[in-house]
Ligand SMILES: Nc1ncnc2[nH]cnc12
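In the form predicted alone, a lone chain appears below as structure tokens.
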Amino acid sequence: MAGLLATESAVISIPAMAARALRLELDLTPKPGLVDRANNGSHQDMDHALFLRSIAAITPWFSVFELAGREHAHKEASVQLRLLRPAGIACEQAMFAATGGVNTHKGGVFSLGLLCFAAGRLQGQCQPLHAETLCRQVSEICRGLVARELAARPQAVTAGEKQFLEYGLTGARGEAEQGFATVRRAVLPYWHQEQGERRLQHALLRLMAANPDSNLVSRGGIAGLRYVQDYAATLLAGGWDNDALSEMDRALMARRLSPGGSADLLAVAYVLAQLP
């Protein structure tokens, strides 16, 4: 039965979905604090055209990640990240080459790359490709990641390491190790409440309200994170439209706040929502 389900799900292309997710997230407008078709959000070094170049550069790598997952499918989960890392670094280098050194999609490469790699691993094992199995596979691949790369560091160097030491935030590593728990709990159960662009905007608001976004902490500290979480929760509770989102956009730009971590998870949510 598992082989039959794997055959049926083989027509699903996670790399294609990942590329589409990035483009849908980019074009979503208005999108508070983030680059969209209307403005550059809270970013002075990025615009819509730059993101398009970045997406074009990293899209071919999604298929590379999936192929690597298939090739290494029968190796232990504990060694998978080490096997994936060289391709991930090469993908990041392609992104930086296309953007002149600007980090447009590093978080997206990490999260969507893991989804593609995990999908290939499931296919190689003749396992069904469902949202649940995909998230479980990512979690198994990333088991111990926070302990190794954050908790075990004697001295904080990167922003992620400093946020872990100061606030206990685990960022993208923790989200992946938990199998994208924030997406599964805060977004997927509500995915069909809205339609079209409003569905993606609703998902983004739910992510902004729930996600301990490391990008916001980097730019505005815990106070900046709480401001965005409370703002998004207020809109969800009281009702919202594009005018309300545009007003939120202006408020975040005035404070230089950009919920980039939630934007990355929106792309993850789109991919998972397309699966059985």
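Computed from a prediction, not measured in an experiment: that's the story for all the values here. Start at 1 with the first residue shown and count on from there.
Although not depicted, the form predicted in complex with the ligand is the subject of the following passage.
A.B. asks: Residue-level question: is R121 within 4.5 Å of the ligand in the model of the complex, judged on heavy atoms?
C.D. replies: Heavy-atom contact with the ligand at 4.5 Å: absent for R121.
A.B. asks: Does the 4.5 Å heavy atom contact test between H105 and the ligand in the model of the complex come out positive?
C.D. replies: Yes, H105 lies within 4.5 Å of the ligand in the model of the complex.
A.B. asks: Just checking whether M46 would be counted as a contact of the ligand in the model of the complex - the rule being heavy atoms within 4.5 angstroms.
C.D. replies: Output for M46 is yes: heavy atoms within 4.5 Å of the ligand.
A.B. asks: Looking at the partner-bound form in the model of the complex, is A232 within 4.5 Å of the ligand by any heavy atom?
C.D. replies: Residue-level check for A232: no, no contact with the ligand.
A.B. asks: Quick check on this chain: which one of L245, A57, V35, A68 has a heavy atom within 4.5 Å of the ligand in the model of the complex?
C.D. replies: Contact residue from the list: V35.
A.B. asks: Would you mind checking 256-276 for residues with a heavy atom within 4.5 Å of the ligand in the model of the complex?
C.D. replies: Heavy-atom contacts within 4.5 Å come from S258, G260, A263, D264.
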